[in-house]
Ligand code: BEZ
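Before any questions on binding or motion, here is one chain by itself as structure tokens, the form predicted alone.
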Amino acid sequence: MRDINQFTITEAVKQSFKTEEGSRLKFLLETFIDHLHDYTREVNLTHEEWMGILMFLYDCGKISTPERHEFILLSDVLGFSALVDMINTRGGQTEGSNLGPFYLDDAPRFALGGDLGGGRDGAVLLVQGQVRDSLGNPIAGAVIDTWQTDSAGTYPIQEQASGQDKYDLRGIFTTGEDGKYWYTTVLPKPYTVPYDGPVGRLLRAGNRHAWRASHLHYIVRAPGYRPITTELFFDNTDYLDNDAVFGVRRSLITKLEPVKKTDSLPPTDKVPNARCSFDFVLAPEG
């Protein structure tokens, strides 16, 4: 039997995997094993702590559903999601920000100028802008997939038990030949990330708040371009400097302005009270 000790076991584990030499999988797996074993030795992990970690991960899996991804939430509050977004943002394109745990990939489609608010209370917000490439050219046919909370800071998907439609406050828009988009919705408010599960326990143990700055979520795609997953924030609002999931970027903050009677506005299904503008920039594939 091979003589394995706490210093030789790392190499033994790596050698037990017969991954293709030089492959990305081999690199990712072996580097993960190296860091995991180094961490375990560095902190001199006890059996109780080891089991606590495993039970925490078990609890994350147990509470997760197709509509609530606790592991994504864990990634968010640890800054893991934000770091992945940052290192994968390509030069010239709009910075990435958190996907979050409540994305659905089959939101309803709306015509430009449509309203996502559905008669909800709160200020009616006109969101408008353009999708461009990194050279400034408009991108026709870009798909803008957006979702958000209501004016109370709640995603409808969280309130299905009380009769909310999980597809409310979600929509997909397609830009015209000029690359422009516009629609109305309700102005979202800050909210706390889900606090009733294992990630909430972790935040409380670390004396951390769970508040997110108010924002709109987006995934923007176009053929021949790298898609972006990002968020849009509003200036002079709470938690911009200490967002619970580290999602705020200076470049993703837009200005909220009241709508004036003299403003020239695109045609919309609902008359807005406030407006903001943001242009998305996509980088070519490759």
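The first residue of the sequence shown is number 1, and the count goes up from there. By rigid core we mean the largest C-alpha set that fits within 1.5 Å across both forms. Predicted model, so just to flag it, every value in this text is computed and none were measured.
The following text describes the form predicted in complex with ligand BEZ, which does not appear among the structures shown.
Visitor: Test of understanding: in the predicted bound form, would Phe110 fall inside 4.5 Å of ligand BEZ by heavy atoms?
Guide: The answer is no: Phe110 has no heavy atom within 4.5 Å of ligand BEZ.
Visitor: My question is simply whether Tyr183 lines the interface with ligand BEZ in the predicted bound form - judged by any non-hydrogen atom within 4.5 Å.
Guide: Heavy-atom contact with ligand BEZ at 4.5 Å: absent for Tyr183.
Visitor: Can you check whether Arg170 is within 4.5 Å of ligand BEZ in the predicted bound form, heavy atom basis?
Guide: No, Arg170 sits far enough from ligand BEZ in the predicted bound form that none of its heavy atoms falls within 4.5 Å.
Visitor: Taking ligand BEZ as it sits in the predicted bound form, is Pro188 near enough to touch it, meaning that at least one heavy atom pair lies within 4.5 angstroms?
Guide: Contact with ligand BEZ, no.
Visitor: Using a 4.5 Å heavy atom cut-off, which residue among Gly96, Pro156, Pro101, Gly117 comes into contact with ligand BEZ in the predicted bound form?
Guide: Looking at Gly96, Pro156, Pro101, Gly117 one by one, just Pro101 meets the 4.5 Å heavy-atom criterion.
Visitor: Sort through Pro138, Gly129, Pro198, Pro194 and report the residue having a heavy atom within 4.5 Å of ligand BEZ in the predicted bound form.
Guide: Result of the distance check: Pro194.
Visitor: Please determine whether each residue of Ala142, Arg226 and Asp279 possesses a non-hydrogen atom within 4.5 angstroms of ligand BEZ in the predicted bound form.
Guide: Checked in the predicted bound form: no contact with ligand BEZ for any of the three.
Visitor: At 4.5 Å between heavy atoms, only one of the stretches 86-94, 175-183, 210-218, 161-169 reaches ligand BEZ in the predicted bound form; which one is it?
Guide: Selected range: 210-218.
Visitor: Any residue of 50-80 with a heavy atom within 4.5 Å of ligand BEZ in the predicted bound form counts; write them all down in order.
Guide: Leu73, Asp76 sit within 4.5 Å of the partner.
Visitor: Rigid core fitted, is the C-alpha displacement of His69 between this form and the one not shown 2 Å or more?
Guide: After core superposition, the C-alpha of His69 moves 2 Å or more between this form and the one not shown.
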